[in-house]
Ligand SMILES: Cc1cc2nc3c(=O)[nH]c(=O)nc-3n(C[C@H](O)[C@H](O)[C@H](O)COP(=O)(O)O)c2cc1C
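Okay, so here's just one chain, in structure tokens, the form predicted on its own.
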């Protein structure tokens, strides 16, 4: 089973479709009163408190989410204060909510089921305020756990096939997935959620990095086993997903590569029991890269989405002017954010929708997306209540910054059905679906292209989240009935698969 055997990705995707994917067990029981521990807690490890006393950035959130080139060519060694801000506003605890089952630590980015299965690590050389090492980010303690002393950046650079952004970065964040934390509720579909939730965190990471003046770019092509070995991951329970190099150094000389010794730190068990879902491990293994050469070739000639030329009525976007655009900092927007639990059915304006779409879709800085501004996913919208736009189904043309009407009509009931029967989708002002033609993506990238398609969609959706809250209306990610969404937007969307669904609207005040 290799990365080129793309039948594995298709089997996994179809097998985890709702409502009756063959890899899903209808008899699985989730106990919400007994969730796994939402943190990875190391025992007897040296820790370094984050430096969070500095002032917030000045770049507005709506500008920060628009950066699509990773600030290429900028030479900048971030200080520990900037790295602390990036980590905290990516996955840190921003407030504590009171729930029936007790207090719940609310995190900076949305997560399916509020199960918080994504972990962050940092590999860095000596930077102002922090010694070279391999660290684990502990959101509970707002600190970094020191796992290895010394400069291991060469190990990450080699794993990434010499990717220049990683090779020249003073620091890199590695994102991982603790599978049982989410699979306890969502079973084998968890591997989709891994990239959904990693992507919404990455949207924060990229925005806060841009606001801090720190170049950042998502790297999805790397030798999985090398990264896992460096971080000391248990490959049966925790999987590497993405690497984000931060900053750029004028010195292209990396220290000699070190062979990492096995880590022996104990961690607090996250659960009294775990159920194995082999489909997750099989999909990860089948989409893994095994050599420097595989990682290096990953970046060559990536495919792009190809939306058909419009045949229906076009409505050009009407984005806010710079003077009308909210100036709230990205940190304040992240602190304001929260997944909406009820929409009011009120309309949002076409300017609000246009501004969110235009700012969020300028392109994700990633090793699988060139040139800047390209994408793997197409965007479809089901409009329920947007002032100045007829209700109906639309396709978004990025190159024209316009919506193409596919079918006019009142489809609130259909929206609710597509969103897994949830009232949120029916009550929302608009539902946005990111959809990918997987065939050319898998042909070019192999099974790993499935990871890329999910990340492209979820980072874009994460930016839509931020753009919505910057404009003071709500957003929430929803799951969906896969084939029914494709059918609804067909024949235009024929052959495309849904990667992510996000619903927007004004929040219902209790």
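Residue numbers count along the first chain shown, from 1. The model shown is predicted, which means the values in this text are computed figures rather than measured ones.
The protein also exists as the form predicted in complex with this ligand; that form is not presented, and the subsequent description refers to it.
Relative to this ligand in the predicted complex, residues 63, 331 and 355 are all farther than 4.5 Å at every heavy atom. In the predicted complex, at least one heavy atom of residue 113 sits within 4.5 Å of a heavy atom of this ligand. In the predicted complex, this ligand sits within 4.5 Å of a heavy atom of residue 476. By the criterion of a heavy atom within 4.5 Å, residue 465 is counted among the residues contacting this ligand in the predicted complex. The shortest heavy atom separation between residue 200 and this ligand in the predicted complex is within 4.5 Å. For the residues 132, 424, 389, 147, the 4.5 Å heavy atom test against this ligand in the predicted complex is passed only by 424. When this ligand is considered in the predicted complex, only one residue from 273, 341, 264, 261 comes within 4.5 Å through any heavy atom, namely 341. Here the chain stands by itself, but in the predicted complex one stretch of 104-112, 391-399, 435-443, 360-368, 104-112, has heavy atoms within 4.5 Å of this ligand. Contact residues in stretch 320-337 (any heavy atom within 4.5 Å of this ligand, taken in the predicted complex) are limited to 337.
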